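Consider the single chain below, provided in structure tokens and representing the form predicted on its own.
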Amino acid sequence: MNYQDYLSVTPELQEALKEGKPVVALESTILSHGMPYPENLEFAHKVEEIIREKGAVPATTAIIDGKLKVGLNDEELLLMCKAENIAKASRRDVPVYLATGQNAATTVATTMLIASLAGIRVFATGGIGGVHRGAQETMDISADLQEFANTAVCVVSAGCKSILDIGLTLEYLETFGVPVLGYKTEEFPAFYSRTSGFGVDYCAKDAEEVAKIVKTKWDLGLKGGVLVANPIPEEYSMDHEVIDKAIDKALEMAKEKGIHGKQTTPFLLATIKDLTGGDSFASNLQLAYNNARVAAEIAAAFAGK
């Protein structure tokens, strides 16, 4: 067997990839571990609809019944959204879950891996993982960053989650030669807010320019991905001080409860949602929709190269 035997790609996506049509990969962890049901199901359909409206084909990924799923039908989407006995799969978990038949939602790292295996070059997510605050003691660094160093996929996100150490996350990406492109911005966005106090490597003026930069990188044989930092729309951006206070409180609560590893991010996001009266959840939805739009435009531009 080779890796193709583990891939299950829908006929629509097989045809789209064969014909060189624009395709945008989507993760499923945001569905199974980032949002409650049934709001997550509504979100799943909406984000796929946005990508189709922009002329691209959505490819939501997951691990189901021993297969790397590329594109989910309604039944499979419902399975991911109900999240009953759905694990969270990062790169290290993939062979275990495939071999044992454990169903799992895909993180940023795993979605990049699956997209690359399927030949998909563009992926839209909410925010990437990164270096956690206090990582100099805990060594808690997301596998997403190593995936960027090794896997040739262009990822559109609203920066990294503001629960992280943004400065160290950017330093890590620089060390491994990962370009961080600001989408029409000079400043790296902080997920819920448009500003972070940190800059980007280059401000890309439009999707066409992003596609050209990405193609050039890979034409040169330079391994690894590209991060496109796309700020949350102005009208949904949250006040930096408000969100920082909520994050600090959530981090304290996580420490008190002894929460660590895979459970950290879901706990923090749920706690921040409660502390902000749901405002952070509304912002989360809108930034993800915005990323889907931009990713579809980049995929279309890249397909034309």
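Only a predicted model underlies this, so the values are computations on that prediction, with no experimental measurement involved. From 1 onward, residues are counted along the sequence shown.
Omitted from view is the form predicted together with pseudouridine-5'-monophosphate (PSU), to which the following refers.
Student: At 4.5 angstroms, heavy atoms only, are R194, D201 and N230 all close to pseudouridine-5'-monophosphate (PSU) in the model of the complex?
Tutor: Checking in the model of the complex: none of R194, D201 and N230 is within 4.5 Å of pseudouridine-5'-monophosphate (PSU).
Student: If you check in the model of the complex, is S280 within 4.5 Å of pseudouridine-5'-monophosphate (PSU), heavy atoms only?
Tutor: Because no heavy atom of S280 falls inside 4.5 Å of pseudouridine-5'-monophosphate (PSU) in the model of the complex, the answer is no.
Student: Tell me, yes or no, whether I30 is in contact with pseudouridine-5'-monophosphate (PSU) in the model of the complex, where a contact means a heavy atom of each within 4.5 Å.
Tutor: Taking the distances in the model of the complex, the answer for I30 is yes, it comes within 4.5 Å of pseudouridine-5'-monophosphate (PSU).
Student: I'd like to know if E147 sits close to pseudouridine-5'-monophosphate (PSU) in the model of the complex, meaning any non-hydrogen atom pair within 4.5 angstroms.
Tutor: No.
Student: Given that the partner is absent here, does G127 sit within 4.5 Å of pseudouridine-5'-monophosphate (PSU) in the model of the complex, heavy atoms only?
Tutor: Residue-level check for G127: yes, a contact with pseudouridine-5'-monophosphate (PSU).
Student: Heavy atoms, 4.5 Å, pseudouridine-5'-monophosphate (PSU) in the model of the complex: which of 40 to 48, 264 to 272, 60 to 68, 248 to 256 makes the cut? Say which one.
Tutor: This holds for exactly one stretch, 264 to 272.
Student: Looking at V156, V108, V214, L173, which has any heavy atom no more than 4.5 Å from pseudouridine-5'-monophosphate (PSU) in the model of the complex?
Tutor: By the 4.5 Å heavy-atom cutoff, the listed residue in contact is V108.
Student: Pull the contact list for 137 to 151: residues with a heavy atom within 4.5 Å of pseudouridine-5'-monophosphate (PSU) in the model of the complex, in sequence order.
Tutor: Counting only heavy atoms within 4.5 Å of pseudouridine-5'-monophosphate (PSU) in the model of the complex, the contacting residues of 137 to 151 are S142, A143, D144.
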